[in-house]
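Form predicted on its own, single chain, as structure tokens, below.
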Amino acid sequence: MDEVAAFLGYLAGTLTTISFFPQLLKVIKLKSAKDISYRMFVLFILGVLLWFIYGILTNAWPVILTNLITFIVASSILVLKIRYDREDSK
């Protein structure tokens, strides 16, 4: 049963993580993230960070790995949003 649970954890985390790649690619392509909410992304990134910490504390590798990758991708989108918003305000 542990193998099934781990598989489901990796699958769920992978699908959740992959869902952010189209947004990242769109932001990079358009050099704009004006429609992305700061509040939503900050709250989301904090939630992902807490899931990552939870994964470490419980030694849950599917939670650790997928949330680490999601944190990096979502943080990249937020950084690009800040960068592009600053460029637009000049």
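In this text, residue numbers run from 1 along the sequence as written. As the structure is a prediction and not an experimental result, all values here were calculated from the model.
Another form, the form predicted in complex with another copy of the chain, is not on view; read the next lines as being about it.
Remark: T16 counts among the residues lining another copy of the chain in the predicted complex, judged by a heavy atom distance of 4.5 Å or less. In the predicted complex, L50 approaches another copy of the chain with a heavy atom inside 4.5 Å.
Another copy of the chain is not shown here, and in the predicted complex it never comes within 4.5 Å of any heavy atom of V27. In the predicted complex, V63 approaches another copy of the chain with a heavy atom inside 4.5 Å.
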